[in-house]
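Encoded as structure tokens, the following chain is the form predicted alone, with no partner shown.
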């Protein structure tokens, strides 16, 4: 029984890490870290609404995240994306507070999907994560070339006929999918760390986009696998080690640069 639970957690964590590595690569290159922070936090009002109205928690969270992706894409072009992300984030927090004010108790499920339960992934969670992972993989395959071109050379992408608004929406939709799939494993509050930490480190290690993308996925996988092992050994929450690993990966290349600056 314990081995089965650990296997489910390992598979779910690997799917989430692979998605986070790919999406995080584009988050770092496109400077969309605020959107990567805002969209996962759609889980807060979504899960409160699901508990209040008896809806499916993860399905509601995915719907809220996709609505956020559409809204940010529609009103937040270019440098205005951060403004749109901030407006959406404030709205989601306000809605969450409204829904919580109507509840008599704070559901354990809401807590779990905000902070993650990597060692508590159920078979139903695994099926949903796998389904979202397949959908995200198909979206990545269909949009990879135009997304990469618009990220690295926006003017060239426009000249090649790549519609920037459509690509921006597809990118945000991909971010919403990855965020929603990560909820049962690492939670909304640490999804951002898993996306940005490994991808940022990979960007510092490699100049070639394909090599940086592969490194981002590899580092994200190592972060989740290490968190699982450390959690099972210590009994501490796996989300703690995911957050610490993401922070360490983000700081590692910058620490080397800082040492070089001090020595100079």
Partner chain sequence: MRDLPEAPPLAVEDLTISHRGRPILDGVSFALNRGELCGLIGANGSGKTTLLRAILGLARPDGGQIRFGGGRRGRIGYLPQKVHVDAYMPLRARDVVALGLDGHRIGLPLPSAQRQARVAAALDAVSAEGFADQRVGTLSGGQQQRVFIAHALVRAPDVLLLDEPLASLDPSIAAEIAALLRRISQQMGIAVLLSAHEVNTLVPVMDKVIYLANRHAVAGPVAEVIRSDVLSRLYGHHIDVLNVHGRILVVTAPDAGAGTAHVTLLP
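Throughout, rigid core stands for the largest set of C-alpha atoms superposing within 1.5 Å between the two forms. Residue numbers count along the first chain shown, from 1. Not measured: the values here are computed from a predicted model.
Below: the form predicted in complex with the partner chain, not depicted.
Undergrad: With a cut-off of 4.5 Å between heavy atoms, is residue 212 one of the residues that contacts the partner chain in the predicted bound form?
TA: Yes, contact at 4.5 Å.
Undergrad: Taking the partner chain as it sits in the predicted bound form, is residue 127 near enough to touch it, meaning that at least one heavy atom pair lies within 4.5 angstroms?
TA: It does not: once the partner chain is placed as it appears in the predicted bound form, residue 127 has no heavy atom within 4.5 Å of it.
Undergrad: Does the partner chain get within 4.5 angstroms of any non-hydrogen atom of residue 159 in the predicted bound form?
TA: Looking in the predicted bound form, residue contacts with the partner chain include residue 159, since a heavy atom lies within 4.5 Å.
Undergrad: Is there a heavy atom of residue 144 lying 4.5 Å or less from a heavy atom of the partner chain in the predicted bound form?
TA: Yes, residue 144 lies within 4.5 Å of the partner chain in the predicted bound form.
Undergrad: Counting only heavy atoms, which residues in 146-160 are within 4.5 Å of the partner chain in the predicted bound form?
TA: 146, 148, 149, 151, 152, 153, 155, 156, 158, 159, 160 sit within 4.5 Å of the partner.
Undergrad: Once the core is aligned, please say if the CA of residue 126 is shifted by at least 2 angstroms between the shown form and the other one.
TA: The answer is no; the displacement is under 2 Å.
Undergrad: How about residue 162 - superposed on the rigid core, does its CA move between the shown form and the other one by 2 Å or more?
TA: It does not, since the residue 162 C-alpha is displaced less than 2 Å between the shown form and the other one after the core fit.
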